[in-house]
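Only one chain is included here, represented as structure tokens and corresponding to the form predicted alone.
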């Protein structure tokens, strides 16, 4: 089994759950420090021809693709090149070398938070994140590439997962970084419902997606949804109320001078609703999160 993006914190969590049951070929341009001895590692760029060598020299039965770059400080050209071209090469290898199972990790963020969103978005909802957050275009394109591959190659059991915000003690994405702040910003007059998923449950979902016969696009949710203020209360945070008209220009300045870790577009997630319906996934896999809401929230602090 090939796992792309294995050297990241989510990849390491997945490897820990999977390596004793499956022979894993890890692919990442970063080194995998502390790699389990039974994982064979290939430190290569997904866009390079060397990726073909991995598939040609090994009998690959399944691929989990989560080698997606998320760095708000990198240029849109670099993001597009790595994410879209890298995904295209992975999909080409899956088709060319007769891989039977493909799992692509996308994100529920592709729907985009919006004041016009309904309460719970299904997998059929339009992917509108780029309308307010241009840097999401390549992630949406990756999702659409995987969905297009699903229809063009019915011989491959393709599963596209769209998990809600992934949090955990080692996760350094925007939601986890934001919730770790002792004095986080809260936009005045807004308290949206939030869905979060423990990093270990996200890894469990990817393992469950390997189930023979399973195919399709799925939202993956955690133990429920709670108001943002309830998460602050559980974490013992003391949020600062900031008028939303001032927040964006202020955060833009702070981000430009590297005084903030996420761009102003991320403010949409603490202002507008983007809740998704995970009923299809639960029905088809009988999967349930193993961590409670309290455990998931407190995992942000490593507890």
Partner chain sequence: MFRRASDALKKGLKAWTEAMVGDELEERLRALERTQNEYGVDPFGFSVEYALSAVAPMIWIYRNYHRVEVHGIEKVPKGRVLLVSNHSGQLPMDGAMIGVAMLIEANPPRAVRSMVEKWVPTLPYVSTFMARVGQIVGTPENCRRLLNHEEAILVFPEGISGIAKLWPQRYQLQGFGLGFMRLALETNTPIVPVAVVGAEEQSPALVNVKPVAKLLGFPVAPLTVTGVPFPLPTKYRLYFGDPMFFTGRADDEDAELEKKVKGVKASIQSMIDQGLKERKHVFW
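Positions refer to the first chain, counted from 1. For clarity, every value in this text was computed on a predicted model and none was experimentally measured.
Only in words, not in the display: the form predicted in complex with the partner chain, which the text now covers.
This chain is displayed alone, yet in the predicted complex one of 234, 52, 40, 45 has a heavy atom within 4.5 Å of the partner chain; that residue is 234. In summary, among the residues 227, 169, 98, 216, the only one with a non-hydrogen atom within 4.5 Å of the partner chain in the predicted complex is 227. Annotation: in the predicted complex, residues 16, 32 and 212 none come within 4.5 Å of the partner chain through any heavy atom. Looking at 260 to 268, 32 to 40, 234 to 242, 58 to 66, the stretch with residues near the partner chain in the predicted complex, meaning non-hydrogen atoms within 4.5 angstroms, turns out to be 234 to 242. When contacts are judged by a 4.5 Å heavy atom cut-off, residue 116 counts as touching the partner chain in the predicted complex. Residue 193 belongs to the set of residues with a heavy atom inside 4.5 Å of the partner chain in the predicted complex.
Within this chain, residue 189 lines the site of the partner chain in the predicted complex, having a heavy atom no more than 4.5 Å away. Put simply, residue 280 is far from the partner chain in the predicted complex: not one heavy atom of it is within 4.5 Å. In this stretch, 6 to 30, not one residue has a heavy atom within 4.5 Å of the partner chain in the predicted complex; the partner itself is omitted from this view.
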